[in-house]
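Below you will find one chain, with nothing else, as structure tokens; this is the form predicted on its own, and questions on how it binds or moves follow later.
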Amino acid sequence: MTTIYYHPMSFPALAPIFGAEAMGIKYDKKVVDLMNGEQKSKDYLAINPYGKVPAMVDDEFNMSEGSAILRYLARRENSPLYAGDAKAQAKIDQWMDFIVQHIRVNVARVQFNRVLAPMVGRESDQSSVDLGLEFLAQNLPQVEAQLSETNFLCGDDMTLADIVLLASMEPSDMAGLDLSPYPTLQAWLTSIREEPFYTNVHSHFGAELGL
């Protein structure tokens, strides 16, 4: 049995959840209580010694990191989300890395300082917000340009790269990101959030917590 450990406010942890849904995998999902430090408990550290989400247990096999879990599940299932020859898969990997390194990390800067820091009584760092917005302004145009040419990041079919992009953009509304310069991306997000693999998880980011 496959079990994915996550938290609904951890958008990196939503990527393998969306991926499992899109691949039609039977799995259990368990919420890790980050606010109360469950990620540092002895039991959880036995699953993921890094003390973070997501993590996955597949029978006796444990692993962490959302993109790695996605690739593992796709290979295990021989999924069309990670199909093709070495060059096709490399293109998927390229976009996954681009999203994680240049989009997700900067969305996280804005989300943490605008949303999470006030929730946990920490002072927001406006300079970090400004830096995140600066880098997003540099890198989101690349995504907009690609989605203006093809239905998905790697062509006309959805791949793991799109799952990572969706998960990375999940906090955009909550964090007050202005996506008006990227109308194609906005339309893409609206459309993909209507797909069953998304609606099976939640109606919107933060819905599980009543936000």
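Source: prediction; values computed, not measured. Numbers follow the displayed sequence, beginning with 1.
The form predicted in complex with a further copy of the same chain exists for this protein as well; it is not shown, and the discussion that follows is about that form.
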Task: a further copy of the same chain contact in the predicted complex: residue 114, any heavy atom under 4.5 Å - done: no
Open item on the list: Within 4.5 Å, heavy atoms only: does residue 39 come near a further copy of the same chain in the predicted complex?
Closed with: no
Open item on the list: Within 4.5 Å, heavy atoms only: does residue 31 come near a further copy of the same chain in the predicted complex?
Closed with: no
Open item on the list: Within 4.5 Å, heavy atoms only: does residue 130 come near a further copy of the same chain in the predicted complex?
Closed with: no
Open item on the list: At 4.5 Å between heavy atoms, only one of the stretches 45-53, 162-170, 31-39, 177-185 reaches a further copy of the same chain in the predicted complex; which one is it?
Closed with: 45-53
- [ ] Tell me whether 11, 18 and 23, taken together, all sit within 4.5 Å of a further copy of the same chain in the predicted complex, counting heavy atoms only.
- [x] no
Open item on the list: Given a 4.5 Å distance limit between heavy atoms, list every residue of 119-140 close to a further copy of the same chain in the predicted complex, or none if there are none.
Closed with: 125, 127, 139
